[in-house]
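Here you get one chain, nothing else, as structure tokens; it is the form predicted alone.
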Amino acid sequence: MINIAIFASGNGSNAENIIRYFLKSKRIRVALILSNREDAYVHKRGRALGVHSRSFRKAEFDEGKSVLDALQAYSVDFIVLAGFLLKVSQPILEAYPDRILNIHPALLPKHGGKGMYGDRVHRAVIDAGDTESGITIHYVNEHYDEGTILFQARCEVLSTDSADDVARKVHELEYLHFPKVIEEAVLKVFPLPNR
């Protein structure tokens, strides 16, 4: 079994969607949720679906050792960021090269970078007068939202749309595509054995 850890900072709706998707898999499972917030609702979602969760302070994520120890204890092979607001530290990047995926709620390289997350992104799309938005799934490197892009999906932004309207359209794309793209990325690193 290939084990995934989800890093999340908040509500955890994407994390729940990912966990539910892989409950049906015979090859991949979500083994652990890690958060930088003890009060993040993602913990409750994970526990309700039988997934262990832990919290670490920002300093622990930055230093890396205790987080890496937890990942090793759960035999984690791959990391997925689903609404995780901290920058992934160098020790974690080095331990999981090309095995950390993030989803961004816009079409990178537009509307990315430090501080660009959630509603801030959707407001930026509206303020820029963009006629489309969407999701970008990319590998994580040492810079915010600059890793190699693996997948993008688009949605139309109407002149009458609010930031909430854009958010709803983007969430639909996230729920539809993110688990499948994770599965493809994981199986590329850990392919099925030849028979």
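Numbers for residues come from their place in the sequence shown, where the first is 1. From a predicted model like this one, the values you see are computed outputs, not experimental measurements.
In what follows, reference is made to the form predicted in complex with a small molecule, a form of this protein that is not presented.
- Although the partner is absent here, residue 174 lies within 4.5 Å of the small molecule in the predicted complex, judged by heavy atoms.
- Using a 4.5 Å cutoff between non-hydrogen atoms, residue 25 does not count as a contact of the small molecule in the predicted complex.
- The closest non-hydrogen atom of residue 96 lies beyond 4.5 Å of the small molecule in the predicted complex.
- The small molecule in the predicted complex comes within 4.5 Å of no heavy atom belonging to residue 80.
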